Structure formats: C-alpha cells, structure tokens
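Only one chain is included here, represented as structure tokens and corresponding to the form predicted alone.
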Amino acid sequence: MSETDGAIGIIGGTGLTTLSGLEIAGTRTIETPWGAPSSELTEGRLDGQRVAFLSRHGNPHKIPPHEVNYRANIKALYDAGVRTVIGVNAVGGIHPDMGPASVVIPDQIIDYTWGRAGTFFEGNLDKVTHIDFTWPYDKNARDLLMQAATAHDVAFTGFGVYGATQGPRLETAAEIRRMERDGCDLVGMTGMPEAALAAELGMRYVCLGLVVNWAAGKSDHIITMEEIEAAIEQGMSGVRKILEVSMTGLGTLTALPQPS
C-alpha cells in the first residue's frame, strides 16, 4: 500500500504551484501508461490529513493548458492512492456576482475544448464504456468545501457553470457573449478533460475556482497580467483556508464505484 493511500489529491493551477501549510513528507515521480504527469507529487499532511499535491502547469509554471497531460496527471494521483481530487482553477468571471478575487465552487461544466486526449477508454478495448457525467462535480465534496468556507467566513458562490475553452489565448468578447447565452458563469482553460478523466476512474472530483479577471467584454478595459496577479494575491488566501479547513471532512469520503 502507498503512503498516500487515503490521501486527498490537490491539483494546483495558476497561482498555486506550491501549497503553503503542507507538512512535506517527500516527493515522488510516477510514470503512467500515458507518460509523465506535469510535476512530481508532493506528499505530506495538511491539517493532519494526508495530501498529494500536483502542479497542473508544472513548477515552474510552463505547460500551457492545451498541452497539459491530463491523463497522466489523473492516473498518477490514482496510482498514488488518491480517490478524492480538488482541482484548483483560475477562471474568468462572466456572472455579475463573480468578479475578480471571488471564490466559486461550481456545480456544472460545458466543454468547448478540442483535440485534447480526454479519455482512458480508447485503443484496444474489450468493450465500449460510457460513464454518467450528469453531475461532473461530486456533491459531497462540494458540500464540505462550502461548509469550510462558511465556517471560516470566506466569501464564496456555491453554484456556477464552468465553460472550459481551449486556450492558451483568452476569449473574444463575442465568444464570451455566446458562452453567456449557453449558460456559462465562468470561463477557464483547464476544467476539461480533468473532471471527466477523474470520473472515468471512479474518483470524486470537485472544482475550487478563483476568479482572476472579468471575462472579455465584461469590463471597460483589456485584461492584463497585472490585474490577474492582483486578484490572485487578494483571493488565494481564501482558497488556501478552504483547502486547509476541509481536509478532515474530505478524508472521510470513500471512493465511488468503478465504472462498469
């Protein structure tokens, strides 16, 4: 059995390449049938709960969203014994209540990405497998994140449709208007296929989103890195607090049944 069996997996995105407060026990590189993950796993404890942390874009931050090896990332966490995953995502705000530095725990996703390796179920298969993806984010894990935020006075929004776009460029104003008509409240580039791959392996997956800018056309100025960095600095403390406080509860969750 791995030292990380029963660990919570945390995938850090933009602004979270390392996790302060993590009592590090060591690091490990895991090779998978789909190649190497974006970074080695940092293993340790956060508020007493075993954690395996992976930096989605590498550390340093250098892998663009359309080139992330999502299959290797999810499989590496799975092989390390992780069955509950928190994906931390930097996103753009479309909904008027989801401005820069806001924390959002979305409940739905729409996939606009293309050309990404997005399934484990391909190649020389014994049978075709379809997973249910009605609710892409695990309800129990979402509830625990929201309870942690409420208990420690971290302002958050407990709903939202995440629109996953291809990147690495930001969207046009017209694309954001289309996404808004589709029902999207947030826009990001890394939400898929990460969530679907976790579901294929029977893992619980939840998104913890930090809004780092207004989406294109939602403000009267162009989006700048200075704006994004300021929002990350302002909002990341709330994200870290939610992660720390929710660990004990998340550690009680069991794995979902394997897809048949």
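Predicted model, so just to flag it, every value in this text is computed and none were measured. In this text, residue numbers run from 1 along the sequence as written.
Below, we refer to the form predicted in complex with a small molecule, which is not included among the displayed structures.
In terms of contact with the small molecule in the model of the complex, the residue from 144, 109, 103, 90 that brings a heavy atom within 4.5 Å is 90. Checking 131, 170, 148, 72 for any heavy atom within 4.5 Å of the small molecule in the model of the complex turns up a single hit: 170. The partner is not drawn, yet in the model of the complex one stretch among 39 to 47, 24 to 32, 201 to 209, 187 to 195 has residues with heavy atoms inside 4.5 Å of the small molecule: 187 to 195. The small molecule is not drawn, but in the model of the complex it has a heavy atom within 4.5 Å of residue 223. Contact check for residue 84: every heavy atom lies farther than 4.5 Å from the small molecule in the model of the complex. Remark: residue 213 counts among the residues lining the small molecule in the model of the complex, judged by a heavy atom distance of 4.5 Å or less.
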